[in-house]
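Here we start with a single chain on its own, the form predicted on its own, put down as structure tokens.
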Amino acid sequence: MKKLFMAAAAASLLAVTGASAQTKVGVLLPYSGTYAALGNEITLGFNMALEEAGRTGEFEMVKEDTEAKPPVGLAKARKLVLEDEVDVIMGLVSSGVLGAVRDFVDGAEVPLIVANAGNDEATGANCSPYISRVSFSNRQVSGPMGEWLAQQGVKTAYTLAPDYAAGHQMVEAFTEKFTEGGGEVLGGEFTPFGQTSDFGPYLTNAKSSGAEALFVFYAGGEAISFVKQYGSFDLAKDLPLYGSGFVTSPLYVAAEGDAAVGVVAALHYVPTVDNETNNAFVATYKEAQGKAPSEFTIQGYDAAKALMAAIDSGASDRASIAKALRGLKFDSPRGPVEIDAATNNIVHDVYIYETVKEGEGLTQKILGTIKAVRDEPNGCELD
């Protein structure tokens, strides 16, 4: 298994997988910039699922780099559909990029399997029968954190997030659930996305607010910088850090080091989820990669599983693949999942976890599980 998986992971997705390939997949992810590591991890997970199933030869894949920039993502989506004539697109990390390509893929009637971008509108008011999501919505990650924090008796919070669609939606959902539970958000700021290297002024303002807790959404390189600077300010005692789980993702928590210890966050997957499917998945991944998988690995893995299930149901072209994805259910390492037929968004468990030290490394201690988190339609009308 190790040999086969590593061979698949090393293979370039730019290459056609074989003359017998029956489905052409456009892989639209960031391979440069702030979110490059996320794109690579999703690709690994996607390859892993195909390799495990022994079905790499059925899929011809073409990879394009969005750079996490909406105009670039839209241009690359057009290229995949109009020049490469793909049957389906898989990927997208940035909510901003998803917002940019939404109208194009809907109008072109090309199925899009979203493997990260949590833009609430894409499975809400701007939903489409051609857009299905196997990752998460922004509401599904940060809303449970707000609800859980209020249940712990925390009364006040301050928020920080990057200034783009995901940052605003994460904070909005956290604030909604935290205040519903009796909490109060005393203030917050949005930092320039991909341009903020010094979080000192923002941390100073957060401390001055007098809040009991700090909630943040950061991912990728920004998460590493933020957590390390939070640690250098020695705020853990007076202003404990909570967040959407991407802030201490298993993908890069080692780079954050001891500054991440004690941070509590909410996420739909951590490698310490204890079920038979995940235990086997983690063992296989560690053998091949020498590290634990992340939520991004799972999202790529489940994107491939969903696509294969759609094909197995008899789908063979754009319209039938899109239709087959709707309402799909399968067992994932994260637990049982379903693509909600009402919204085309994933339904899954969300885990509240604390980053803790284990030996010389860091791991995730699960504090609670919120079962089958499902978004309301929020304006989505698919029928």
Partner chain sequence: MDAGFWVLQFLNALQYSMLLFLLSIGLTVIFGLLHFVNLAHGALYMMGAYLGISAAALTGSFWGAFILAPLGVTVIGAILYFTLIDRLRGAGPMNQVLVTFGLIFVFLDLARIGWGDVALGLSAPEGLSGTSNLLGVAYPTYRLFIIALGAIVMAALWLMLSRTQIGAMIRASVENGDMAAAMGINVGRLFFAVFCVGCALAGLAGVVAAPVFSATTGMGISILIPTLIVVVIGGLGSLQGAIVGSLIIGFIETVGAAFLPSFAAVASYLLLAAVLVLRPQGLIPARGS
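Positions refer to the first chain, counted from 1. Only a predicted model underlies this, so the values are computations on that prediction, with no experimental measurement involved.
Absent from the display: the form predicted in complex with its partner chain. The rest refers to it.
- When its partner chain is considered in the predicted complex, residue 37 lines it closely, a heavy atom lying within 4.5 Å.
- Heavy atoms of residue 189 reach within 4.5 Å of its partner chain in the predicted complex, making it an interface residue.
- Contact check for residue 166: no non-hydrogen atom falls within 4.5 Å of its partner chain in the predicted complex.
- In the predicted complex, its partner chain sits beyond 4.5 Å of every heavy atom of residue 312.
- Here is the short version: of 130, 148, 252, 285, the single residue with a heavy atom within 4.5 Å of its partner chain in the predicted complex is 252.
- For the options 107, 182, 201, 290, the one in contact with its partner chain in the predicted complex, meaning a heavy atom within 4.5 Å, is 201.
- Taking the partner from elsewhere, no residue among 335, 358 and 369 has a non-hydrogen atom within 4.5 angstroms of its partner chain in the predicted complex.
- The stretch among 133-141, 115-123, 221-229, 168-176 whose residues place heavy atoms within 4.5 Å of its partner chain in the predicted complex is 221-229.
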